[in-house]
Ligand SMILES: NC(=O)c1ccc[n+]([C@@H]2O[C@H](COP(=O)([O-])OP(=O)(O)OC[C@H]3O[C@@H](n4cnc5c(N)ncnc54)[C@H](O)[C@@H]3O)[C@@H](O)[C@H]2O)c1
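First comes one chain, alone, set out as structure tokens in the form predicted alone.
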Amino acid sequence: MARVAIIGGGPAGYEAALVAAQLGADVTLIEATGAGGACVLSDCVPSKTFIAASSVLTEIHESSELGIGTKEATADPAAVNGRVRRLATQQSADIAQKLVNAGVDLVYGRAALRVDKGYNYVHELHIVPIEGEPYDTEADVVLLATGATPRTLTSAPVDGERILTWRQLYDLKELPEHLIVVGSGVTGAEFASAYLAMGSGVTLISSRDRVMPHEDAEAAETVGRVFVRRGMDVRNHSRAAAARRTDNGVEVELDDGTVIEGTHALICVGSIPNSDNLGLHAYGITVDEHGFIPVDKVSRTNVPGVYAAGDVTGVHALASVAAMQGRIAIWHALGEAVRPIKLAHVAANVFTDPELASVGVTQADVDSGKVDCRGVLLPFASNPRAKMVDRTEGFVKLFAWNSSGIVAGGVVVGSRASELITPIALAVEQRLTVEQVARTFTIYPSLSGSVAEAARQLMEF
């Protein structure tokens, strides 16, 4: 029986543990905070739960065109945050029970690699449980899945009260009167959107010419326009030099000397990998200059038998990618047939309102000539379902290879884009042609009908 040790219980770790148990391995999973890791307890699950509540408020506040007058609807921050914490805890407990039922030895604590005693392909770990005495164990396969931590700035010291990371927001008793969000990437844009919907004044500091500068330009600009229309103060071409507490709140100083005053500041400037204190250097495992653990397409590190998955690898910080990396690592390690991960097929979504989802080739790839593709953009303003629910902002954009007509990628910006990207991702993964997508029956009226309509327009080229 193969012995598998997994350090970290987030999506990469717990999905890998379930696969290993299914394949008959003796599995030990070591997690410091709780089953599901930070993703479930303080990142993805809490943030999307909070955003779900904010999206309901947006739909209510913007329903006047439907003949419904509900401008008075407000959020109860204590109730919202209480639900956020409750659902995260429940999800963690569900994952823990699933692991135990599968036969995984779930240890709450920390672990590190130790230089082995000369055994071939056997790895030794030192485990420090939260309860009980430290002990050593051996494993044939080790998976490092320790995730990442919000990056902070020395010029903006986080105190958890007025200057915060995104993991500290749910401890607030009241909604910020004026939230200054430093960083307009995915995380910054999501929280700026959510708190604006909740009723907070929001200033978003963006160092580039638009919010979410790494996303599709037309889609990001659409989201940015909606932000401004709803009253957000978006400061493009601005960079925060410092953030400090004041008697009544905070002030954020920009690099041009401008000072913005608010009640709270949220620092969203990326993440740093949790790769310290794992014994990596002594063990000979390569770590790059940023602390990430480089891996190949089956999640191997440079040391045989040691794999890594999830945010600690620096490969697409998405729960879906982390989970797939973890599964692939175990399939490969235990000798199962495995397909290397295809990052070009990864569907991603930004949970702003409107949402922004994408998969496959990009507009930048097409415009630069990197790929030989054609594309079409179909605004939701022409979609009957979008008109009925009065959510016409955004569009479906579809790309196809000129040589074959196979769907190469797409972008959706609009309400429920996270759901609408799936048929496009399926077409990319299964190499469907635009004709095959176009000939698929869709519901009328539906937002998904725009995907088939975009495919029909691509057939006309």
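One rule holds for the numbers: they count along the sequence shown, beginning at 1. Since this is a predicted model, take the numbers as computed values, not measurements.
The form predicted together with the named molecule exists for this protein as well; it is not shown, and the discussion that follows is about that form.
Shown here without its partner, the chain carries 300, 339 and 428, none of which come within 4.5 Å of the named molecule in the model of the complex through any heavy atom. When contacts are judged by a 4.5 Å heavy atom cut-off, residue 353 does not count as touching the named molecule in the model of the complex. Using a 4.5 angstroms limit between non-hydrogen atoms, residue 316 touches the named molecule in the model of the complex. The named molecule is not shown here, but in the model of the complex it comes within 4.5 Å of a heavy atom of residue 349. Proximity of residue 214 to the named molecule in the model of the complex falls within the 4.5 Å heavy atom cutoff. Partner contact region in the model of the complex: 176 to 184, out of 97 to 105, 243 to 251, 286 to 294, 176 to 184, criterion any non-hydrogen atom within 4.5 Å of the named molecule. Checking 263, 91, 207, 81 against the named molecule in the model of the complex, a heavy atom within 4.5 Å turns up for just one residue: 207.
Of the residues given (374, 230, 345, 239), 239 alone sits with a heavy atom within 4.5 Å of the named molecule in the model of the complex. In the model of the complex, 151, 153 are the residues of 141 to 163 with at least one heavy atom within 4.5 Å of the named molecule, listed from first to last.
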